[in-house]
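Just one chain follows, in the form predicted on its own, and it is written as structure tokens.
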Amino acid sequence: MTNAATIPARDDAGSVGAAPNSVDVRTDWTRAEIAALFDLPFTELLFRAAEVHRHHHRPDEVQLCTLLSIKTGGCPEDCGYCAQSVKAHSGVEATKLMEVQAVLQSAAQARDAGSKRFCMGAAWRNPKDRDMPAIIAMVQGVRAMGMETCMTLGMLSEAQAAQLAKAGLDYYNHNIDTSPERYGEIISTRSFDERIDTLAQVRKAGINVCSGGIVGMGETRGDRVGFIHALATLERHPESVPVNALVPIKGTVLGDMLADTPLAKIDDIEFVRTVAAARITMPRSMVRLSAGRESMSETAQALCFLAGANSIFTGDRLLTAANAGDDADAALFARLGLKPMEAEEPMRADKAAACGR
């Protein structure tokens, strides 16, 4: 049974209770409670998610972010969804780390297009110490433009996390990808516990955590419940939770599997349910509508925003996958009456207040 203090409940007359109190952020969710959310009638689930979202966030604002691949391909990991793995036969060629100035030029273009957050991803198992000076220069340069910074570089040592924190990195992205039970079927070169350990290193260093996963990889609803549960029961919720729909790429394990079994692909309604469950269980986190958006209808995206998604990636590409372009996003925002977010993210505002800043 769901927690009435966190989820608005209907009384016997059919009316809906008040929105949850801001102190009702929980980290003790059970799988049974999250499964019960998924099982709600779709309109009821969206209503509850929208109530939670409106209590903690401005419902007409969506954060605009840009993602740049600063080092593409050649990754030694065997993630079954990734075109950048050396195990994949996707045609993606390995490149060297981009020059700092080229990265800053891309960041300036993103800022001019309206992005407030610039995310940089490198196809590494972990960064080499020799690469850290360039990485730090990128972080410092993007921050000097007034943008939030996010990096995803694989696993980090304690020293590397401390270096990134000192450079002022706002966020570190390290997705858990799927449920603990399903994880070993997707990746064998890095354990689920290693991913959690990296998140702990990031948190210890004082960097905000960005962690989510991918749905539509042939998993069950139980796996989606497990994925949400793993994040919602962390000691502190991730400040940012990307929810990705798998982009099947030919030459990857999952891309080829879904080509043979298309019914394994997640449908839009189930994807929206996943977004809603993330919003309800992690009410103050930014829930990011990430990969897969280019194949979603405008109606499906609108339902995701109603369910509590309040951050998107803009631009034409996400690492090696296509993405809805800036013009398409602007047109969609105009139709939906949405605007780019300007306010501070709730969890970061909480952290700043606690530090007396």
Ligand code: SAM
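Since this is a predicted model, take the numbers as computed values, not measurements. Residue positions are given as counts along the sequence shown, with the first one as 1.
Heads up, the form predicted together with the named molecule isn't pictured, but that's what we're talking about next.
- Query: Of the options Val275, Val139, Val247, Ala107, which one has a non-hydrogen atom that comes within 4.5 Å of the named molecule in the predicted complex?
  - Reply: After the contact test, the surviving option is Val247.
Glu239, Asp177, Glu219, Asp170 - the one with a heavy atom within 4.5 Å of the named molecule in the predicted complex: Filtering the options by heavy-atom distance leaves Asp177.
Report task. Using a 4.5 Å heavy atom cut-off, indicate which stretch of 279 to 287, 161 to 169, 79 to 87, 230 to 238 touches the named molecule in the predicted complex. Result -> That would be stretch 79 to 87.
Q) Should Leu37 be classed as touching the named molecule in the predicted complex when contacts are defined as heavy atoms within 4.5 Å? A) Answer no; every heavy atom of Leu37 is more than 4.5 Å from the named molecule in the predicted complex.
Is there a heavy atom of Trp124 no more than 4.5 Å from a heavy atom of the named molecule in the predicted complex?
Within the cut-off, so yes.
Notebook entry, point to check: Do Thr152 and the named molecule share at least one heavy atom pair within 4.5 Å in the predicted complex?
Noted result: Heavy-atom contact with the named molecule at 4.5 Å: present for Thr152.
Within 4.5 Å, heavy atoms only: does Ala291 come near the named molecule in the predicted complex?
Contact check for Ala291: yes, within 4.5 Å of the named molecule in the predicted complex.
*Can you tell me which bits of 267 to 289 touch the named molecule in the predicted complex, meaning any heavy atom within 4.5 Å?*
None of them.
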